[in-house]
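Presented below, as structure tokens, is a lone chain in the form predicted on its own.
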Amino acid sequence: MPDSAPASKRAVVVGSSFAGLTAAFELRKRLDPAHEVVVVEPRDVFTFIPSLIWVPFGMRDPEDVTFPLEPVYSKKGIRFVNDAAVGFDLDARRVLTADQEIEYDSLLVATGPRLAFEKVEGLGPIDGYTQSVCNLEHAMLTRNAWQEFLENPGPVVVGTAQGGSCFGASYEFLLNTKHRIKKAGLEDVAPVTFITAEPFLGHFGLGGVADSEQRVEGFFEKLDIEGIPNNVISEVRDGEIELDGGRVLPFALSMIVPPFTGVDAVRETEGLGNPMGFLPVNDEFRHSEIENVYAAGVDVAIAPPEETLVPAGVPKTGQMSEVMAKVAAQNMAADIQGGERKSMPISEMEAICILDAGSGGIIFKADHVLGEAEHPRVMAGPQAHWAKIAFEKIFLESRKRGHPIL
């Protein structure tokens, strides 16, 4: 008698930003058609987060930086569940939403972060006094705040709070804000200050890349921006930020990237995340304690390369998230139907960052995201601005068609 067909199995991806989208495509490519790929995501669109720094200035609208997820997944034969995971039953191997329980044979957690504004009193656009560009809704609120600023300009404060890790977004928003202030002829009435948890400017949570400290300091001196590293925000009040030590910075506009934690569904599932809600993984991006659970993206726990005076996390860029996702997906496919496995120590991953400054910028590339880079590269000039625009267009057009070419 012929052998019976192998039992159908299901790979579930929770989250659909850079890591989740990439992992879903990779799983569908690697798995036989008999096996199912399911994506669980509360948003019905993908948002190209790196472009959100342009939204407040009207350089991008929501439709420019998003695309609907369901048609893309449907075309690829991936089931899309437009719902939020509220928890995980690790023993029964189920993802829990408000309306259903989805069983899995292999699970990838790619939820991204929770924005922990509450860790600093007065921080955030909803219950506080500062703006954010961490998601599309916040970027649109920042657009409103920018228009109000133009009508009533004054000092600007931009930065990343203690415990934060997304330093690139705060640098880019800072440089674009300064560019727009200059174009509006407001430099005399709108001084700009940058506050950061980094031990020095250009540290980026990575210990710096080549001469990034000197490059960033040179940018700041040229643009007349005061930079305050090793910063702790004590409290934010209406129109002013108080730093640890007592200095008070007045502002007419402020954008502060908050600390990140893991999402509630992870934090409230015993044994899944660390105390901050991030998932510990091995070099296969499999959970260090749970065999059938993987993680990729911002929700992965990465220890900083060095202890800093003020807590500063390691950034997880979109490029890093995609690398993690591809490694995790290959190993999930191997779990389900066999095949070659892959390891990728986080310390050996590359880091590429483009800091747009409105008409110029800086490009950083490190061959090792943690530790000493062997061949770091830093370039400054207008090519950085155009490189980011090109990357945005290539990425969005390729992903809309279900082709993760990068």
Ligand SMILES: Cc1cc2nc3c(=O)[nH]c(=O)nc-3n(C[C@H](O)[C@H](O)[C@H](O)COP(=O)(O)OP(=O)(O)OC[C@H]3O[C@@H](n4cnc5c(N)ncnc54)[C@H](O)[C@@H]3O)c2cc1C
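Throughout, we count residues from 1 along the sequence that is shown. Because the structure is predicted, anything quoted here is derived from the model rather than measured.
This protein has a second form, the form predicted in complex with this ligand, left out of what is shown; the following refers to that one.
Practice task
Look up in the predicted complex whether residue 49 has a non-hydrogen atom within 4.5 angstroms of this ligand, and give yes or no.
Solution key: Residue 49 belongs to the contact set for this ligand.
Exercise for the section: Classify residue 298 as contacting or not contacting this ligand in the predicted complex by the rule of any non-hydrogen atom within 4.5 angstroms, answering yes or no. Expected result: Heavy-atom contact with this ligand at 4.5 Å: present for residue 298.
Exercise for the section: Please run the contact check for residue 351 against this ligand in the predicted complex: heavy atoms, 4.5 angstroms, yes or no? Expected result: Taking the distances in the predicted complex, the answer for residue 351 is no, it never comes within 4.5 Å of this ligand.
Handout entry: Proximity of residue 62 to this ligand in the predicted complex, heavy atoms at 4.5 Å
Key = Residue-level check for residue 62: no, no contact with this ligand.
Handout entry: Within 4.5 Å of this ligand in the predicted complex, all of 20, 134 and 169 (non-hydrogen atom)
Key = Result yes, every residue of the spot touches this ligand.
Exercise for the section: Have a look at 106, 142, 177, 321 for me and say which one sits with a heavy atom within 4.5 Å of this ligand in the predicted complex. Expected result: Result of the distance check: 321.
Practice task
Note which of 83, 127, 121, 89 lies within 4.5 Å of this ligand in the predicted complex, where distance is taken over heavy atoms; exactly one does.
Solution key: Only one listed residue qualifies here, and that residue is 83.
Problem - Partner-proximal stretch of 194 to 202, 217 to 225, 263 to 271, 230 to 238 relative to this ligand in the predicted complex, 4.5 angstroms, heavy atom - result: After filtering at 4.5 Å, what remains is 263 to 271.
Problem - Contacts with this ligand in the predicted complex - residues in 20 to 44 whose heavy atoms fall within 4.5 Å - result: 20, 40, 41, 42, 43, in sequence order.
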